[in-house]
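Let us start with two forms of the same protein chain, each given on its own as structure tokens and named structure 1 and structure 2.
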Structure 1
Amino acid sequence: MSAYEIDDFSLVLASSVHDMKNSLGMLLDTLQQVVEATPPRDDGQARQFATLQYEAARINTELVQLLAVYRMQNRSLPVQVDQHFLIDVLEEQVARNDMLCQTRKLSLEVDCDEDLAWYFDAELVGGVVNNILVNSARYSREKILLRALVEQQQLVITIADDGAGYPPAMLENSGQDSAAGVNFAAGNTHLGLFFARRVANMHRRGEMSGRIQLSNGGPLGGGVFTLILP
């Protein structure tokens, strides 16, 4: 196969991912309208709705990330850094996951100074936060805490839950920007963490670059995802 054919297939694949992402976005909107129009009759139906919403949101998020990673590899994804109020970016992601949290009976708390502003790409950082919120909604028992603050002249965004925490393998590989930990047989591509690391690293100030951290414990006793931006 020629290099041209490989490049051509990559373009076709990227175009297909874009179309699937749009279709799935419409499906998510329709699903939300159905849930609002016909609330679940009992806990069993609520769990079914929650599963549908989680799986659709997860697939949609991964398609968005695949497209972004493709553009990163082709250097066609510029970082559009501007000043943004954190509360606006965080509340937008909370709103995107409001119905999912409702059907799963989760409390999602935001702890952020309304005057806190920082320089970053709001779309990319918002995508990272959204992905972690979707995953947290699956593993949390009752509560998720989304927090943003400045520490040591860096922006720190944390998402903590009250679930069982991250498995040891993920904690060990959390700082590696590689395919470490990928297990296709088990369905563990860890695309979300790969995307988050790339987005963090694309934010730079002088010799400093952004990074992510995974830990267990935190304010709710479960998993804690941390995004640090210079």
Structure 2
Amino acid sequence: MSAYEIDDFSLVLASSVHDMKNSLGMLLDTLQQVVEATPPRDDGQARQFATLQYEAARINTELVQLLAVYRMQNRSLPVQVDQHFLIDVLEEQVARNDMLCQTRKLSLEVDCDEDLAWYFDAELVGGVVNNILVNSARYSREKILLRALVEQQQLVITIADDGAGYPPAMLENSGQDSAAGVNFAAGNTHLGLFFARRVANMHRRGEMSGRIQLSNGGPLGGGVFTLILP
């Protein structure tokens, strides 16, 4: 296949993803209306609605990330670095996932100095945090901790849960920007991590650039995702 054809196909993919995202938006809206018009009769039905919403939202996040990665590849994704308060960005992600936490009976704790401010693209970094949060919600038992602090003049954002932790294969490849670990058969594309790595990398200061780390243990004994921005 020539380079031209590959380009062409990724364009087709991108516009098709765009289309899917629009349809999904309609679907989410309609779902919302259905829930409003016919409130769940019992807990079982409430759980079913929650699952519908959660899975649709997950697809939505993935599609948004796919489009963002496509734009990064084409150098058409603007990065707007500005000063932001971490508490604002983190609480925004918590608020976004309010429903999810309620239905999964998760407690989400934010540990961050009110006055901590840093320089980054809030939409991209917010997207990374949201995505990791949505994933953690899946694997954690009852608690997730979001923490932001400055260490050695770098911003460190961690998302820790009390689940079983990341599998060893993922820990090994966590720092590399490659498609390693992608496993179509297992439904494990690691798009979220790929996106996170790219976003981290787009944040630079002098010679330093951002990065991510995966580890197990941490404050809650489960998986720990760390985003470090210079």
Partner chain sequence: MAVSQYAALKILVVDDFHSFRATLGRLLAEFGCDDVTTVMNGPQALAACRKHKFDVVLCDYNLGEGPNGQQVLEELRQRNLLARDSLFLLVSAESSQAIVLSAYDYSPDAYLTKPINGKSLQQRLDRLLRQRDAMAPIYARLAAGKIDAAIGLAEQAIAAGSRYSYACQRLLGNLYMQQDRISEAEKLYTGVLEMRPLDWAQVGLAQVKRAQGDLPTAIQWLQRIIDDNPFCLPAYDALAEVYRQLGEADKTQQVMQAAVAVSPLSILRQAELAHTAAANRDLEVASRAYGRCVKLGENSCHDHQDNHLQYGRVTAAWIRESQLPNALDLAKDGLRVLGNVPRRFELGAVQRQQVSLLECQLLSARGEDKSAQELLKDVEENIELPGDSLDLQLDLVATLKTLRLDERAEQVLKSLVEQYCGDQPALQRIDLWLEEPVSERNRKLVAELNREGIGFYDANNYARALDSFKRACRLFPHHPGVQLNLLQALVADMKQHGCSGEGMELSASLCQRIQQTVQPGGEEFNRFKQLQQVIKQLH
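The structure presented is a predicted model; accordingly, all values stated were derived computationally and were not measured. Rigid core: the largest C-alpha set superposing within 1.5 Å between the two forms. When a residue number appears, read it as a position in the sequence of structure 1, where counting begins at 1.
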*Please match the form predicted on its own to structure 1 or structure 2.*
1
*Single out the hinge among 86, 61, 133, 120, the place where one rigid part of the chain pivots against the other between structures 1 and 2.*
61
*Rigid-body rotation of the smaller part against the larger between structures 1 and 2, in degrees?*
20
*Taking the rigid core as fixed, quantify in angstrom how much the C-alpha of residue 48 shifts between structures 1 and 2.*
2.9
